[in-house]
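In structure tokens, the next block holds one chain alone, the form predicted alone.
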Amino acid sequence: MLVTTAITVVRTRSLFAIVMLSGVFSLLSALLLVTLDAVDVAFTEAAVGAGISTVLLLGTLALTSRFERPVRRSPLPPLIVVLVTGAALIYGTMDMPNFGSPEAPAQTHVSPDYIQRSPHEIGVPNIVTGILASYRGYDTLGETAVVFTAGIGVLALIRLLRRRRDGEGNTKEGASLMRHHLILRVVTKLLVGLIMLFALYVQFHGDYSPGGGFQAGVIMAVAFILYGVVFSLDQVQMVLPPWLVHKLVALGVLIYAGTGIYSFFVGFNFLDYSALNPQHPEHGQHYGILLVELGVGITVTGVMVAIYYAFAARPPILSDEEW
């Protein structure tokens, strides 16, 4: 089904159909990851790929045409690159251990150590969250910084292009194309609150079940973006102003890094959450994981919404009548 969906995406010229099929491809990938017992990764794939990416791409269609322009270049060079790369990847898998082999490096390297130490050092039932937020806290802080940097980069590029258009006098605010769809507007009003509630559950229950800051941030951003797509940019910005979104982008990183700085200044290692409760280190680990995951969720939400605001403020190519 993944191969069939991928081939259909390549051969389809309708951009709306491509967006929908891309969401299907992502959902199928998430199901595949579930069968591999990688539930946390599957959750991320479903939230990002089938969730917010689909919503953002649907919003982007308002800035473009409905169909892809005919390709005038020869597809032969890209096809050769893909075939050579695919052959190299297949050749590289020949030395890999068999699927599910207990002798695989993933089963014999640090995983047994994490599994053995996590219950009494971290005390978090979801070992994946314990590893990402505690044992590999530096890596997760770097990932959060990458998301922050990506958001700042996109905002800088969009503002540069907008400034050029302002000089040409071509910029105008685009209205919502959904204002006549009463059923869609009513259903959206019913769903937005539930989506936010689920995001909070994923955020604060990620140490006990699959989830965490990345997934919760994306889900929370989807609620605002969906509201903006259906009710217009002006309506959602009344609820979540742009100045607040920009502060949220930085606030999450500051919460994460600030947790590490606090532990450093009270005599512990950077990001050693035991500093939050020296008498009961495992409780301190739990508090620290909650704090840094909250920082991740805030930054991810802010970056996603900020990117949507930047793109949604661009003028649509087609008017309502042309749609």
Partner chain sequence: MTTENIHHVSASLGDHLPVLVVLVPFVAAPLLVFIGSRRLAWSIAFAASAISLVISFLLLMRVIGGEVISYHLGGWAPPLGIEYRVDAANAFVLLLVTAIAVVVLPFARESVRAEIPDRQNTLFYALFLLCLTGLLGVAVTGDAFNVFVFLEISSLATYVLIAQGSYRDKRALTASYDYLIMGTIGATFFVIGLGLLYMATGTLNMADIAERLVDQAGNRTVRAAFAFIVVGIGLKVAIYPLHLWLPNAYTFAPSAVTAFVAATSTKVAVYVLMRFMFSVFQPVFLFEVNTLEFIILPFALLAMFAASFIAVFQSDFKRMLAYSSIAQIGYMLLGIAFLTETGLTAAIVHLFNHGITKAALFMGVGIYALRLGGSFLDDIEGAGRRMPWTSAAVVIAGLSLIGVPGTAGFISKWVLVEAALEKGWWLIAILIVASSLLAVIYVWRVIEVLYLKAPKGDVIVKEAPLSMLLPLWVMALACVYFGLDTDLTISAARAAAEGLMAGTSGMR
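Numbering follows the first chain given and starts at 1. Predicted, not measured: the structure shown is a model, and the values here were computed from it.
What follows is about the form predicted in complex with its partner chain, which we do not show.
- Candidate site formed by 159, 264 and 274: every one of these residues places a non-hydrogen atom within 4.5 angstroms of its partner chain in the predicted bound form.
- Contact annotation for residue 234: none of its heavy atoms lies within 4.5 Å of its partner chain in the predicted bound form.
- Although the partner is absent from this view, residue 183 stays clear of its partner chain in the predicted bound form, with no non-hydrogen atom inside 4.5 angstroms.
- Interface membership of residue 145, defined by any non-hydrogen atom within 4.5 Å of its partner chain in the predicted bound form, is confirmed.
- In the predicted bound form, at least one heavy atom of residue 152 sits within 4.5 Å of its partner chain.
- Checking 250, 196, 187, 239 against its partner chain in the predicted bound form, a heavy atom within 4.5 Å turns up for just one residue: 250.
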